[in-house]
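First, one chain by itself in structure tokens, the form predicted alone.
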């Protein structure tokens, strides 16, 4: 097999393929990560967790950093605005099995930024540096950091923060090429990612608008990044990850599965969530996942509407099975 890109090295950890699953709140729980990892992710990252919640021993937060033991390596992402609290949290997640501790300077969600966490930290680069130094000093594993370009377009601090990260001992940086104020509007500007790669010596992971395998590989080659991080583009479509891995390993891209096959995997996802979380928690969480698996399928809007009104797993799975029969029958007629 002829690899077309090099493995990602973070400290003494070698990662193949250099494909990272982005941390997404309420989405990348351990069930989803275990289901998606075999499609080709070399590294998975937990949902981002509050350092303050860990300090208080929150049961829900401890669940968020839990793993199956199937993810090696796995990174746990922390957010907060106090260096010592972040350092203490880093020690906890390291003891709980994190191979890498990741610092969140990227989340733009108001529930995080209203307490000066996530991307709000970019308004105070000295505080960013203090947090990074404290976390690096606290743990015996690699520390990485994810950020946005800056808080606003008028204050792009990403190169400054990345250079401070390198001096502090952070061993890789991920850049989502939007500002905090953009949220997910507009397009990610990969020219900034290219600029960052040229500015620092530690590995750079590029993130933003990677929803096509050929585009993802073009972005990687053009920017020179050491790895790419896939987030929203993989939701409901883990086969995108397989296609990117195909290209990284010098193979022809595997075809996209049929609509019926995609929905068949959706049922696997649904049943696994119910088995692990229980029906009461799994049903509302799976509504958004089912909607994503339905994307592009004829009649999807009507099916999504039905799923939103359903309160039991059995009913939801029955609707999905009914949809599988419908789209498979339509495909046979078309053939």
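If you're wondering where the values come from, they're calculated on a predicted model, not measured in any experiment. Numbering follows the first chain given and starts at 1.
Only in words, not in the display: the form predicted in complex with a small molecule, which the text now covers.
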Per contact check vs the small molecule in the model of the complex (non-hydrogen atom within 4.5 angstroms), the hit among 274 to 282, 296 to 304, 29 to 37, 44 to 52 is 44 to 52
Residue among 223, 104, 113, 179 with a heavy atom within 4.5 Å of the small molecule in the model of the complex: 104
Answer key, the small molecule contact in the model of the complex at 4.5 Å (heavy atoms) among 213, 120, 230, 248: the residue is 230
Using a 4.5 angstroms cut-off on non-hydrogen atoms, would residue 144 count as touching the small molecule in the model of the complex? no
So, in the model of the complex, is residue 15 in contact with the small molecule at a 4.5 angstroms heavy atom limit? no
With heavy atoms only and a cut-off of 4.5 Å, decide whether residue 324 touches the small molecule in the model of the complex. no
Test of understanding: in the model of the complex, would residue 77 fall inside 4.5 Å of the small molecule by heavy atoms? yes
